Ligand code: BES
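First comes one chain, alone, set out as structure tokens in the form predicted alone.
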Amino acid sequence: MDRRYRTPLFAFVSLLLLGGCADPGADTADADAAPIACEPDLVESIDMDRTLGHIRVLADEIGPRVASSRAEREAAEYIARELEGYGYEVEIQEFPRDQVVSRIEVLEPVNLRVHPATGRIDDTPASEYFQLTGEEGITAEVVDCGEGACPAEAEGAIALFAQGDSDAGELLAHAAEVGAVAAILHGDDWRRHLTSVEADDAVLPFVTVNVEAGEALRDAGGARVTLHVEFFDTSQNVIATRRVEGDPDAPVVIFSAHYDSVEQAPGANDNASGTAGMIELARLYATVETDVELRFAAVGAEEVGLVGSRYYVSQLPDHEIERVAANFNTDMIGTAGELQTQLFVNTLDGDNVVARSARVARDRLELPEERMRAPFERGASDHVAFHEAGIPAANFIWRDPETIDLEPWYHHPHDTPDRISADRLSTAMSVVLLASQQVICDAGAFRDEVPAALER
């Protein structure tokens, strides 16, 4: 099909591409000043306490949500319950993803939390990983072996090593010689610690932690834990839909955010913030009258290659893709990083309808121009999957305007709820809400005629 002639939706989208959601008789030259059609103005109804509460559940109560893990599934079920509670039609869409996932349950002392990463075995895919603990895990005392000198009481225990410059394989061999049942290795970096061994050296189940977790276990003196190293093969997306009654061909706007995180990271900003913001937008849009079908996609397995969003888009029939007007993707929208002061609106097709509507939202909020950069050419988040299908899409994310850097605790254990800025989170949500209203609220008014040509 010639993508210039897709559906009557194009009349509406083409007007937006010229500069925003305007009254049909308005002068498009002044479209950036066009008013939002929806009433009431929903921005004042954003509930920040509710939104921050979602972040605490995802990052604190559930914790690291590694692709395919039990925690990722728990998060998906939490998101589904919230969206169902707002009246949406909700589907948990499963897809294949092989992953070895580790976790440590600290039994004593009860107030200690440790987030590990799985020990890497060279040239061993997840489906062939052989140092698994089984569902019940290994329960034992943690015994300090320093940089490699395990005491006699390490027999039957989990050996804790400060790896330093030592070879990880040699430390595992030493632990096995003294009768340890597993090992925990750490380096001297507060951010994270990863190490790998050759297959012949992987003689015990082992995980790695950052230096702070290692020292906390050491200082606890006789901590008792259950170590899990498990294989999983299924991740999932949560898709919430609000259809337009009697109009199966209605235009569609999709909001998306990934809810998984990397190993060791609680993922408060990356990306409980974007997920929480999306859930709150779903609450606000649940009862608004609109001629547009709304979808909210909490996607899994983003951190391992945009797997969830690409799977979701791949399952959309061509006639559904033809109906989608825009994708608003929220990722890391709550950072308290000192230098991450500019909201980037990342696109892969230049100044698309999402970037244009974001600028209208910025002006309505009376934000300084330097507070937001729209558009900026960059991928690296789930908007890529929608762009690849020909859908105008953008990712909203805070970055350092000078270096483009993310927060210093990106993908690290310090990505916790106390490092969320309620002000930046509120600003980003307000921009996305007002921008999406530009696309959503008067869509039906522009569906009666198709332009001669529309390049997408």
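Quick note: we count residues from 1 along the sequence shown, nothing fancier. Remember, predicted model here, so these are calculated numbers, not experimental data.
There is another form of the same protein, the form predicted in complex with the named molecule; it is not shown, and what comes next is about it.
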Contact of residue 331 with the named molecule in the predicted bound form (heavy atom, 4.5 Å): yes
At the 4.5 Å heavy atom threshold, is residue 109 in contact with the named molecule in the predicted bound form? no
Using a 4.5 angstroms cut-off on non-hydrogen atoms, would residue 141 count as touching the named molecule in the predicted bound form? no
Does residue 411 reach the named molecule in the predicted bound form if we count a contact as any heavy atom within 4.5 Å? yes
Under a 4.5 angstroms heavy atom criterion, identify the one residue in 389, 57, 406, 46 near the named molecule in the predicted bound form. 406
Select from the listed residues 379, 248, 164, 222 the one whose heavy atoms reach within 4.5 Å of the named molecule in the predicted bound form. 379
Choose one stretch from 361 to 369, 109 to 117, 154 to 162, 299 to 307: the one whose residues place a heavy atom within 4.5 angstroms of the named molecule in the predicted bound form. 299 to 307
Please state whether every one of the three residues 258, 270 and 397 places a non-hydrogen atom within 4.5 angstroms of the named molecule in the predicted bound form. yes
